[in-house]
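Taking the form predicted on its own, here's one chain by itself in structure tokens.
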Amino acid sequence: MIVTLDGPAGAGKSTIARMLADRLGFAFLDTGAMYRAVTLAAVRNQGPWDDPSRLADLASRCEIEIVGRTVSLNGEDVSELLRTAEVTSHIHYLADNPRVRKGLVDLQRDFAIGKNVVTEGRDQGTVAFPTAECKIFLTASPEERARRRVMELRSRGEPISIAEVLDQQNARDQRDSARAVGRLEPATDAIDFCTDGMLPTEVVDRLVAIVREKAQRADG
């Protein structure tokens, strides 16, 4: 069974998807980490940000492996390097690149073969796994999403204001929604779920019930 969690940046997809996978005993696929890994490779290579073809070539040479909570790039554990402000500010160059997206979607589908999977991203229910048995579109208010992002960055020693994060977030939402491929939008059969005012455990409890109901209907 494949469960997709899509939604905007800061909605809590990675945390919730990981917790949900643990509760269900499913594998967890963090597609955002894949895009961040190839972006990290591009940052280290200093782009070239104005050459999509060379960026795609660079991404195609990246070997990405996700095992549990560990993300490896060309054999190096880069798990703690993926959510820096520098990677976040450059990720759109890779995420907007059709060749990069196709390569990573192929990798995502390969990962899911023969597994029960919870996968999170922007286009999992629309592009990567359009026939997934359970699709969730996870949302939160812009202010709540910005607050969570500020807390995350400050916990890593990156001082930043909510106003700065809101500006970055609004720009990213606009790019994600206007993207030619893999744009941010709910699948027509996705369940909209807003996490405002809820603890992660409360969100996961509700999603576990939704997934189990979907599984029962599929078996029936």
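Residue numbers run from 1 along the displayed sequence. From a predicted model like this one, the values you see are computed outputs, not experimental measurements.
Same protein, other form: the form predicted in complex with a small molecule, not shown, and the subject of what follows.
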May I ask you to state whether K135 is within 4.5 Å of the small molecule in the predicted complex, using heavy atom distances?
no
Under a 4.5 Å heavy atom criterion, is V150 part of the interface with the small molecule in the predicted complex?
no
Whether V100 contacts the small molecule in the predicted complex should be assessed with a 4.5 Å heavy atom distance threshold; does it?
no
Answer yes if any heavy atom of R109 is within 4.5 Å of a heavy atom of the small molecule in the predicted complex; otherwise answer no.
no
I need the one stretch from 188-196, 24-32, 59-67, 151-159 whose residues put non-hydrogen atoms within 4.5 angstroms of the small molecule in the predicted complex.
24-32
